[in-house]
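Consider the single chain below, provided in structure tokens and representing the form predicted alone.
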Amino acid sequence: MTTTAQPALFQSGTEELISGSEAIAIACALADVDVITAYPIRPYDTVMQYVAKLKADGAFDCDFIVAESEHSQFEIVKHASAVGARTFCGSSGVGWFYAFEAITVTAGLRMPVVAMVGNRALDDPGAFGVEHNDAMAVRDLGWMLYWVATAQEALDAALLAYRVAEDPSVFLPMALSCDGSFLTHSQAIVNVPAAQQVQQYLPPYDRGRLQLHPDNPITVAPQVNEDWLMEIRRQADEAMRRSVGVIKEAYAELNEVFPSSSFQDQPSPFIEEYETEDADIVIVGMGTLALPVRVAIRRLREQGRKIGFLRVKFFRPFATEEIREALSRCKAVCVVDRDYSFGSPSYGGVLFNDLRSALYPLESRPHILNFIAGLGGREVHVNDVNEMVDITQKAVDTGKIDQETTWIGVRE
């Protein structure tokens, strides 16, 4: 879909005081998304509210469909993507799970839907605050997963998502994970690029011979049984592998086109490093955890302690080689999970187990400790970070890990 005239808001670059959710809504307008579906659930619903405002103000021309459930909204964008429409939708917590059948099929059918997950605790009991288990539920299904740290990054990552997902060599959906409340509702100054810049960066969505159309009668969602299922799964695996190169190329070009991108000082699209070069202990985490951790690290550095931080941006595809390179220099790794994986090895979190698996082939591995923190939107304070570092330092000093997984800030 091509609009006849760009609204004044997007004629030139501007600075806007907006939340992470509003930044993604603006990115949808800049990307000229054709079909957006919505069903309200906090904290994701702020996206659909701002999309509705942009549409009502005449700043965004799209088919905006309020569905009767999360399942329906994901079904709608899946089918719209099949016929060549650029799409967006999202959800949070159990809403994301209610749509799970459609979400699973979206990846299986290689539909490049871009979605936002406003990370929140799963019910019951529930909370509106951040946990990462909702988005992580699709980590093995073919969805690319990106964890956002700031409102500026929310906008930039959304544009990157369309460029990567819609690449014909990929054609996989991507979910942008945004920590509930901390990112979805908190406002910050965001540099909004001009629509012309986005058009330069983002080509039209073209499914080619895979587009469902009366003039191109093809089969979508066949039942193949044992005859072809493994081959189809292998094709999806190859697409995820190819996405790594596509991400690198799209990321580099984004930084060329958008000088105000949040990625300008981050060489890698997959990870962000902070004070890791000489660090004895590296803290690893995702999302808005970056803010309190950086504050704690600056204070620890003032005390002469060599602590660094590695933020995982893309959880899928997982940057195994880059993470190995970054963490092979340190003595110990402190993995902070805003999630849980009950009954998993060491009763650890999801990120911890993936990261430990990635580091296993190293001949000389650092100590790896896991900390479950900040569930349900609970704040992770500087003192919590200090406690995690002290526990990890003990493992460095003694050469022994007393307890692999520790829950931080939990009342006895």
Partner chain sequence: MATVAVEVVYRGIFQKTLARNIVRSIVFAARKEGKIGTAFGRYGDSPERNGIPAKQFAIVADDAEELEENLARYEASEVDVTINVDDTMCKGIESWAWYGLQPINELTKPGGTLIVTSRQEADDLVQDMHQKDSPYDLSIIRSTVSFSGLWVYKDDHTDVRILGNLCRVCPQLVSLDSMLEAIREQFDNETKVASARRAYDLANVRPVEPGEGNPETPFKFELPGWKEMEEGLVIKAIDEGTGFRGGEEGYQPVRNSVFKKFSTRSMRPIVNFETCIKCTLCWLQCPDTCFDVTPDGLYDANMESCCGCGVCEAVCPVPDCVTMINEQHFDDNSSQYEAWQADADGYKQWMTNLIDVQKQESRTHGFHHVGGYAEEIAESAQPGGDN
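Keep in mind that this is a model prediction, so the values were computed, not measured. Positions refer to the first chain, counted from 1.
Absent from the display: the form predicted in complex with the partner chain. The rest refers to it.
- This chain lacks the partner; the member of Val244, Val295, Ala236, Leu141 within 4.5 angstroms of the partner chain in the model of the complex by a non-hydrogen atom is Val295.
- Note on contacts: among Arg324, His79, Lys248, Arg299, the single residue with a heavy atom within 4.5 Å of the partner chain in the model of the complex is Arg299.
- With respect to the partner chain in the model of the complex, the three residues Arg42, Thr288 and Gly377 uniformly fall within 4.5 angstroms at the level of their nearest heavy atom.
- This chain is displayed without the partner chain, yet in the model of the complex the stretch 183 to 191 from 161 to 169, 206 to 214, 183 to 191, 252 to 260 comes within 4.5 Å of it by heavy atoms.
- Contact between His381 and the partner chain in the model of the complex is found at the 4.5 Å heavy atom cutoff.
- In the model of the complex, none of the heavy atoms of Gly308 sits within 4.5 Å of a heavy atom of the partner chain.
- In the model of the complex, at least one heavy atom of Gly129 sits within 4.5 Å of the partner chain.
- Mapping the unseen interface onto this chain, Pro125 counts among the residues with a heavy atom inside 4.5 Å of the partner chain in the model of the complex.
- Residues of 385 to 412 lying near the partner chain in the model of the complex, listed in sequence order, are Val410, Arg411, Glu412, the criterion being any heavy atom within 4.5 Å.
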